[in-house]
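Take a look at this one chain, the form predicted on its own, written out in structure tokens.
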Amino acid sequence: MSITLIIFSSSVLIDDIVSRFLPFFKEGEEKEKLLPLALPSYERDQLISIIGNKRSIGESLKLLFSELKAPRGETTFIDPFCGSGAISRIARNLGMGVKANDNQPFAHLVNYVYLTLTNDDLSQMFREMGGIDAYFSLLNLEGLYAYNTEEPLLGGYLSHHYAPQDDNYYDGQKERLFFTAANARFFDQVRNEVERSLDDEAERAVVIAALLYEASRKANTLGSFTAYQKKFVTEGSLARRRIVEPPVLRVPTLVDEPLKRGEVSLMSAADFLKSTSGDICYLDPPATVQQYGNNYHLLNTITIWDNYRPSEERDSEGNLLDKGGIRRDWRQTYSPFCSLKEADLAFVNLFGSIDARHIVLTYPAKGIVEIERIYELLEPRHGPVTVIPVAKRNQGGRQSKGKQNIEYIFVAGKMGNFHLPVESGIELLPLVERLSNLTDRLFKTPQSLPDYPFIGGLILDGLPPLEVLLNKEVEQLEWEVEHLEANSCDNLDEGLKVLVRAILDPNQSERGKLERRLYPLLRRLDEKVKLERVLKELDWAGGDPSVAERLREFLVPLIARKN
């Protein structure tokens, strides 16, 4: 296979690089259309969408990290700007030791849950309340009661400062419309209940993380909390329906042992790098003038829950002067990377403080600092530098073309055997993308393909190693992808039946792993009738009675709570 690297020099034009290599690296933020029976995925579970998130190029980064990680021994992955944690989750799932950091309290809490805890931890929580499923059901019931109670909530914070008094009659000039009144009451009730009843740090974080995700989904905004939209509902808009429908807190989907527990920090990236070194340093610094503390102030307030009082000052007509209600202390997390004047020096200081074998940096073409300038700063200290352009697809709507929709991946440090495909690789990458869409799917019958990490033959738990995929003939990989697509379960009922019978089958060698993947799926089922069908499957004559009883003990209370 012909191999090349994309190396910048001062004589190479960005547009030339893009036009030559762009077809190799096309990604789509919402390319994956999940089937209803797709199993909950740790890497994708309850990810909060924030400015500049890298979910759209996650698969490209996963392949890159798998090449850079040490073939033997432990690889330490450091992430100074971890944000939602999407990329650190990928690194943890690849078996690396993750050290992540962010300066926003909401991001620190969410990543504490997803990077340091495991499913075994969840199973031990909320014992006094009957377990995690029982406690989340209780919170959802309490929240739903508040949602349906039209009277003002005693001790309501969001419902008082960031929502109208009446969802049918409201005025966005005189009231803040970040949430519907009903949803604000739900969030207030749950958040206050956490303060009253939970002392354990991990238990509190698990609930608040789920609450933050729902708050981000139910917000009447266009992605940040600096402003709200004028109306909650516009005719025929599914997005608006999402805003008005009641929230549902869901138990996080975490990893199982023996994946290493990560570490999380709450400080500036500069302070973090002063005391942290690693093998791979992933950098995703802010690239716009939008300060994160300003844009996500409400998520930080929900996290801290300090009863911050936004300004209620009004003009002569009673209109709010401070419609955003933004916390005044957001400047404590001010980032120089968001400043047109300070970003260049911030990069100089950043590159001078990194102690790592490899640096992987992602930055958009339309960022504050020019791509050529980043290369000029990075190469002298950490060269050689490889630069990969990746086409980034926006979520929904019309897709922009050209340089404005390009994300650049900088890879610094000696590459060793690292390589990128050209020529025959052009045809392979679309097949790799289709294959990635099959991960966490259920198959009708046990599958057996060399180098594919199946669980019990029924779940594809990730991709084969990159070097294996890229050395396949196009016809062979195409046959494998089409074979798996043809054998994936067609509907939820079929998938549940296959999975439950495999777990009950005494001859299934990996039924313990399959059982652990079943529980998060059952928690996500909203229809009582489907849970009852699973309960009926436990009567299968060929099944292990002890396993059937264990599943029955989990299902019966879950069905009762659906009532």
Ligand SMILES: C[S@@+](CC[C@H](N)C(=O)[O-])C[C@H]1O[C@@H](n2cnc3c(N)ncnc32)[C@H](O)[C@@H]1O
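Residues carry their position along the shown sequence, with the first being 1. Quick caveat, the model's predicted, so the values are computed rather than measured.
What follows is about the form predicted in complex with this ligand, which we do not show.
- Across the proposed site, N53, F81 and A86 without exception bring a heavy atom within 4.5 Å of this ligand in the predicted bound form.
- Looking at 486-494, 127-135, 189-197, 265-273, the stretch with residues near this ligand in the predicted bound form, meaning non-hydrogen atoms within 4.5 angstroms, turns out to be 265-273.
- Of the listed positions (G143, P285, G456, P252), a single one reaches within 4.5 angstroms of this ligand by any non-hydrogen atom in the predicted bound form, namely P285.
- For the options T301, Q104, N295, S159, the one in contact with this ligand in the predicted bound form, meaning a heavy atom within 4.5 Å, is Q104.
- Remark: S335 counts among the residues lining this ligand in the predicted bound form, judged by a heavy atom distance of 4.5 Å or less.
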